[in-house]
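Form predicted alone, single chain, as structure tokens, below.
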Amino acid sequence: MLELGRLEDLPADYVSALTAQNLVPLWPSLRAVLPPGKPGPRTRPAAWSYEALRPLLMKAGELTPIEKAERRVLVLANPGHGLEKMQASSAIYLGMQLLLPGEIAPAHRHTPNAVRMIVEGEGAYTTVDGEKCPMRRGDLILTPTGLWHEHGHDGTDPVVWLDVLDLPLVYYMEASYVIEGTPDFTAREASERAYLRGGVVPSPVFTRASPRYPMLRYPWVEVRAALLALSEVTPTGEAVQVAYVNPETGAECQNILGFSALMLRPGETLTLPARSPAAVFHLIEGGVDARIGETPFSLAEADTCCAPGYTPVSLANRSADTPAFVFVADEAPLHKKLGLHEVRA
């Protein structure tokens, strides 16, 4: 490979003259931005134990009232990016959010897309664009870009959910902002009722207007049942996986990140190929041993881990008797739109 010149090889007065004109020589840094063969990701294999973080999250509930927090969240930060960057990967932000009984997280809307994967508790809800979405364990709720949303809690026990946003990318693009105030929506019926069966959509199809985000809540009870049914017809060795999609178009349910649910049959080990997008794995049910590249993690329920792009991943169900269920978020839609998506054997 061609050996490139170094910055220290250049005369100091030449470097100073470049700096004075806001100029930078490319060749000393070329291999940093165009490494040979594959990228050098900052994202590291990382895992967050729910058992370890939950007491800290509950303590945050004691220390900081919702009026002073607006959103009471502990960010799951990847050390490869620096904890101050508050990101799990280049395009994914993760946070564990707590809502206590009687609290309301006030309405706002923002440019980053968000989803909520409910971790524990009942009695809370998210209102999105006028639709009140109950929050139950394993449910996925969308709060897409620009839509008003707020959280409330009418129950008796703490409710916790995992936030997944494309905030790092939107922030990098200098397009991230929030608007607070009074929502300008009218109440509407729960969207998931209209899309309970695959292949059929509300009628009449020729006269109604299809909303941009027709389905905002994906109940876990339905997704789990779909995975169990799919497992009965999926050959051994093939992934039992369903995607969260727009039921009108079949496209990804949001624009930048992709979301799916994966079932590991009893005793099953699944090896995923190295792909260009980074991915997050959150365990909904069961116990899973994960290996991300050469880094092993033992995941219990509600644990979360992150895999860099171009890194093979294996997931093994520790139970010989019961299935395990995993929620997956990844950067695949973004990579596909940019023409960068790769799968390596």
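From a predicted model like this one, the values you see are computed outputs, not experimental measurements. We number the residues from 1 along the sequence you see.
The same protein also has a form predicted in complex with a small molecule, omitted here; what follows describes it.
At the 4.5 Å threshold, heavy atoms of Tyr218 stay clear of the small molecule in the predicted bound form, well away from it. Using a 4.5 angstroms limit between non-hydrogen atoms, Leu165 touches the small molecule in the predicted bound form. Using a 4.5 angstroms threshold between heavy atoms, Ser90 stays clear of the small molecule in the predicted bound form. When contacts are judged by a 4.5 Å heavy atom cut-off, Arg275 does not count as touching the small molecule in the predicted bound form.
Site annotation in the predicted bound form: the residue of Val73, Leu100, Ile256, Leu169 reaching within 4.5 Å of the small molecule with a heavy atom is Val73.
For the candidate set His153, Arg136, His110, Arg265, a heavy atom within 4.5 Å of the small molecule in the predicted bound form is found for exactly one residue, namely His110. For the small molecule in the predicted bound form, the listed stretch (243-251, 92-100, 230-238, 76-84) containing residues with heavy atoms inside 4.5 Å is 92-100.
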